[in-house]
Every structure is written in structure tokens, then in C-alpha cells.
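Heads up, the chain below is alone and in the form predicted alone; it's given as C-alpha cells.
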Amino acid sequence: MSSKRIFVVDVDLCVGCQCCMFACNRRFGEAGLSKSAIHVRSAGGVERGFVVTVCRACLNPPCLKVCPVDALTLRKGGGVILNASKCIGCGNCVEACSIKAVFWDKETNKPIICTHCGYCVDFCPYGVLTLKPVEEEFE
């Protein structure tokens, strides 16, 4: 079974509804947006569109390299998996992410990192996101 990864198909299709964010947060059985691993924000006014920020599943993730307690492990197909019980809440991973796709859970004092489960994809009404198999040469 190949690994899958979330891709932004066409950011120009995004209307900023944040359905993807609500869906991601719902994985935790909570309402709101505080635990979402995908973020949508304005690019500077409605006429300029929106920015969709989600982990790009780096093959050599900078967030992994800076974790002092090995709380992050390499995910098959790219990106990382967080072992929250090992995490000390230093925030190095947030600072290391070049696209700012590692978010912070203020309640647990731990990072929120996309696991590429694809839950958000099913709730995007405009086809902005897709979940695709990772090419075998990248696994």
C-alpha cells in the first residue's frame, strides 16, 4: 500500500470557507479551529484570494532535524509523525518549518502537524485539495 499526501490542486478555487479547517479539527471531537493542521487565510483582502497552508510532506523535513528528543519520526512518503508523549514543547519544529505549516496547540503545548489522513479533502466543496498516492521513487 502506497503512502498518500495532501496536495493543493488550485488555490484560486479557494473561497476561504475554512471547511477543511473545521473538518481537520473535528478529528479531535471538538468544534472550532484550534487544533487544525491545515490553515486558510486571506492573501490580503478578498480580491487577492486565499493562502492554504498544509504540510508539504518534505522528504528531508527540517522539523525532524531540530527535535531534541526525537518526538518526530519520518513518515513513509514524506513528512513526520509526532509522538506527543516524547514532545517537550520546545517549539523548535515550528521555527524550522520553512512554509510555517507546523502549528501550535496552546492547550497541550505541543505542535500540530498534518498526518495526511485526507479528512479535510472530503469536506472541501470547491476541489481545492486532493489526496494522492506518493510517487514510488519518493517513498
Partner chain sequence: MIKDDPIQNVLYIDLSRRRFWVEKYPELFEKYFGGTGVAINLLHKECPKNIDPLSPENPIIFAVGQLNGLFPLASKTVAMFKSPLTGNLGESHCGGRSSIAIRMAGYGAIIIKGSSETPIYLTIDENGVKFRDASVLWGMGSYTVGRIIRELEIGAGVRTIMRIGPAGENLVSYACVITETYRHFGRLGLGAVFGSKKLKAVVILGKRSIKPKNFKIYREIYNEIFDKATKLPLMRKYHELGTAMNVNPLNELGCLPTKNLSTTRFEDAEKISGEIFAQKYLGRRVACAHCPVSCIHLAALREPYKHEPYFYKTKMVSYDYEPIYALGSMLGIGSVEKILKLMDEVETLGLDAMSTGVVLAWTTEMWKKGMISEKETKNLKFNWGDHETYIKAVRLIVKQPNEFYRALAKGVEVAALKFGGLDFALAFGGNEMPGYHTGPATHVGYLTGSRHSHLDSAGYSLDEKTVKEKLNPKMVGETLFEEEAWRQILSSLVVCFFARGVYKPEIVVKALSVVGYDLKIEDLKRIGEKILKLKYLFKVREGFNLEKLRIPRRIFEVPTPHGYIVEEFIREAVKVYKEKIESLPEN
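Numbering follows the first chain given and starts at 1. Nothing here was measured: the structure is a model prediction, and the numbers come from that model.
What follows is about the form predicted together with its partner chain, which we do not show.
- Of the candidate stretches 43 to 51, 92 to 100, 78 to 86, 64 to 72, only 43 to 51 has residues whose heavy atoms lie within 4.5 Å of its partner chain in the predicted bound form.
- Relative to its partner chain in the predicted bound form, residues Val15, Phe22 and His39 are all within 4.5 Å by at least one heavy atom.
- Contact check for Thr108: no non-hydrogen atom falls within 4.5 Å of its partner chain in the predicted bound form.
- Proximity of Arg56 to its partner chain in the predicted bound form: non-hydrogen atoms within 4.5 Å are absent; the residue sits far from the partner.
- Shown without its partner, the chain has Met21, Phe22, Asn25, Arg26, Arg27, Gly29, Glu30, Ala31, Gly32, Leu33, Ser34, Lys35, His39, Val40, Arg41 in segment 21 to 41 as residues with a non-hydrogen atom within 4.5 angstroms of its partner chain in the predicted bound form.
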